[in-house]
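Presented below, as structure tokens, is a lone chain in the form predicted alone.
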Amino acid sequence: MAALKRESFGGRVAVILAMAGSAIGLGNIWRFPYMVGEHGGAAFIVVYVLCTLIVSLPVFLSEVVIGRRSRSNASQAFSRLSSGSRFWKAAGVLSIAIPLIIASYYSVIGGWSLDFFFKSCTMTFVKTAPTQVSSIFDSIVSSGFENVSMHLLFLFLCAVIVAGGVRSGIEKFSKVTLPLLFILIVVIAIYSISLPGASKGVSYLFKPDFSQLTPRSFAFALGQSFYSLSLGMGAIITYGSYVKKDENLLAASSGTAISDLLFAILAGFAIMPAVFAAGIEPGAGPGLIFKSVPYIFSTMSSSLPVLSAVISALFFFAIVIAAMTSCISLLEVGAAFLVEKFSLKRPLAVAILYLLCGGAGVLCALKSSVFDGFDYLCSNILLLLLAFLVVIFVGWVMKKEDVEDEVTNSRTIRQADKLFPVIYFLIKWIAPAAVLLIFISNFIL
């Protein structure tokens, strides 16, 4: 059967925005602040940045290389580049399963964001006393119907975008929403820092206490970096397959990683000062953002009620968008697979994914133990496993000249050509060793 004609992104800006959209999401706004709170503040941020630049960026580039070289979905990419190896076919299956598991519980968090957006529009936070506002999140989580319905609605919105295709759906959505997201997070960070008592939160982010670090802190930092950059999910392999042959992969990958780091740090400044101002425990876990941010708007309401309501709605709208850009990339992995493997029409493929992820997500919405289990399994085991397989594949299975051809565009990009020996060394030796050590530490520490 002849290969299907594949869509592609329109250019470098579109590539970076789409990949950054996949990377910049709830991993930055929802997960990063509470991970910082649980693992020592600024010291964790230092480790996180180093993990991103030394380990995660080479892994990210490796996934893009696999995608563009194969011009195929994540499952078939390994098989195509390994001449049909059974082992790498199995790795391909893993690359499809992981994003679907993540999408199942990620859409529950997206549902919380959507619920908070609706509550912002009805001025719920403005009308609630600052001392009571954190209880709103607890009431949402304990309400089975509300939790499930918001999860299904959020997932439906993401499915609609994916059904629209690569350029008409994913690319257009990313171009509009990513700039808005950056603007809004800066506005919230400025206000958060100005709150009474927020200086303790700023110090928490600026003054590292390395005595707070444990071996598990390094494991969680790398796991968070992978989660944030959408590594080990098949998403970047899939997006890489839509990158044109003349695009600079190193520039696109570096731009995405730097954008992701910048946004994560901005999210930290938007959340942590408010956490300290509200007297909330920094290590409060997954509900941290949904307790601290409403506090900001509740305190604003006494002097600027209308402005508070407007900014609250815009902020949670931005969180919904951030969650959608990432969830869209997760669904796209499965959509590309079903369309190319079984020749399904894209809307039908997306409908199947909606039923699968929606059903599993209902369990996550109703049982916190299922939610936590999925999150731990993916963040600390499966993402690391697939990332390890990716760098082994690029560093040891693919021909070095093929990798060099992709990274340097047939040696036409001078900077990439000069840096390739270092990049290849990181991919072949440093990244696998680091991922393996972190993976092992999750079981013995």
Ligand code: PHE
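Sequential numbering from 1, following the sequence displayed. What you are looking at is a predicted structure, and each value in this text was computed from that prediction instead of being measured.
Although not depicted, the form predicted together with the ligand is the subject of the following passage.
The listed set W112, Y106, F78, F316 contains one residue whose heavy atoms approach the ligand in the model of the complex to within 4.5 Å, identified as Y106. Here the chain stands alone, but in the model of the complex its contact with the ligand, taken as any heavy atom within 4.5 Å, falls in 221 to 229 among 79 to 87, 221 to 229, 268 to 276, 285 to 293. V162 falls outside the set of residues with a heavy atom inside 4.5 Å of the ligand in the model of the complex.
By the criterion of a heavy atom within 4.5 Å, V47 is excluded from the residues contacting the ligand in the model of the complex. By the criterion of a heavy atom within 4.5 Å, M233 is counted among the residues contacting the ligand in the model of the complex.
Though the partner is left out of this view, S56 does not reach within 4.5 Å of the ligand in the model of the complex, counting heavy atoms only.
Counting a residue when any of its non-hydrogen atoms is within 4.5 Å of the ligand in the model of the complex, there are no hits in 192 to 226.
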